[in-house]
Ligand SMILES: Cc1cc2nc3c(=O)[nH]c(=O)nc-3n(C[C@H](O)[C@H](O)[C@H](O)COP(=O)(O)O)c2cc1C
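Next up: a single chain in structure tokens, the form predicted alone.
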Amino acid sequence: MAWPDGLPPLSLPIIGAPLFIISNPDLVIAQCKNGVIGAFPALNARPMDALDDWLTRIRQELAAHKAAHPQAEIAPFAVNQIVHPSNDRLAHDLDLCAKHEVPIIITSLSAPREIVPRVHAWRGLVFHDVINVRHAKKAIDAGVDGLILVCAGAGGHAGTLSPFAFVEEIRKLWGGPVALAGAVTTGRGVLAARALGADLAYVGTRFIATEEANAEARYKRMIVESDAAGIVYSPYFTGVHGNYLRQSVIDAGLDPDHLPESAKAMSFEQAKAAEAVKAWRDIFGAGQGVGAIDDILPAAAVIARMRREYLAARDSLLGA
């Protein structure tokens, strides 16, 4: 892989996507101990001073695990920072990331022009979420180290481009690390991402249905019980198009087939129903890969199974 110096080997080429509310130290530590990059949004640490405790715990537990298991492939971890004026914690959270020398910062929403030199000062890497080529060019101009291509079918805020199209266009202008997001829930999907030209798969929804994830039991069950037809793509809940579990929309008293494009387009009945709904609490994000998720397991078991699937698919293609 065309990695910058210093990134250790991984048991599987995966970044566990930073999931709002859901990603916590338990999940990140389990992912990293089992050889895939674990990530969480800085905003998940509440109150904001808790971020210092989270980072201290993650670093200490991973160091202790490495000391006890010198041969283990322990992956680095990442912190997601929202680069937007609405994030009034950005300066505070970035200071703590500098203090702990977080290995990877994942940025989203705006090109991280001012953040890149700060992270590079402590030898960290910056990966940036993009949903189209225009955003990718801005990120490259800002000096990022890696791109995360959020394609059609990804959970949460997702783009509309096919990974086949998106990766090919990006590879015309970028030779650095690329992570591919969009309905990757099995080891076969990880191998497919590599075959397309990505270095990593960006896996989110599969890790919601794990024992460590900070998601309520109803959410995890809904992931297991849903399929691709049970995903709704709408800008209604946050103002940005995203993929959500249809059943959670129904349970919130809304009609998933007749969601307005904006609050201005709502009827009186829709407006009354929406008043009681909080997107972060009641509407569950998920990608189109839910149909391949049939159980709730420890993260270690999920990663082990994905590795077996990855190796079996690779050997099958090679004719072994």
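When you see a residue number, it is the position in the sequence shown, counting from 1. Remember, predicted model here, so these are calculated numbers, not experimental data.
A second form of this protein, the form predicted in complex with the named molecule, is not displayed here; the remarks below concern that form.
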| field | Among 68-76, 174-182, 224-232, 115-123, the region lying within 4.5 Å of the named molecule in the predicted complex by heavy atom distance | value | 174-182
| query | So which of I140, V167, A192, I82 gets a non-hydrogen atom within 4.5 Å of the named molecule in the predicted complex? | reply | I82
| task | Work out which of G187, P163, P103, G153 lies within 4.5 Å of the named molecule in the predicted complex, going by heavy atoms. | result | G153
| query | Heavy atoms within 4.5 Å of the named molecule in the predicted complex: does S248 have any? | reply | no
| request: May I ask you to check whether G285 falls inside a 4.5 Å heavy atom distance of the named molecule in the predicted complex? | output: yes
| Taking heavy atoms and a 4.5 Å cut-off, does P13 contact the named molecule in the predicted complex? | no
| According to a 4.5 angstroms non-hydrogen atom cut-off, is F127 in contact with the named molecule in the predicted complex? | no
| query | Across 182-213, which residues bring a heavy atom to within 4.5 Å of the named molecule in the predicted complex? | reply | G182, A183, V184, Y202, V203, G204, T205, I208
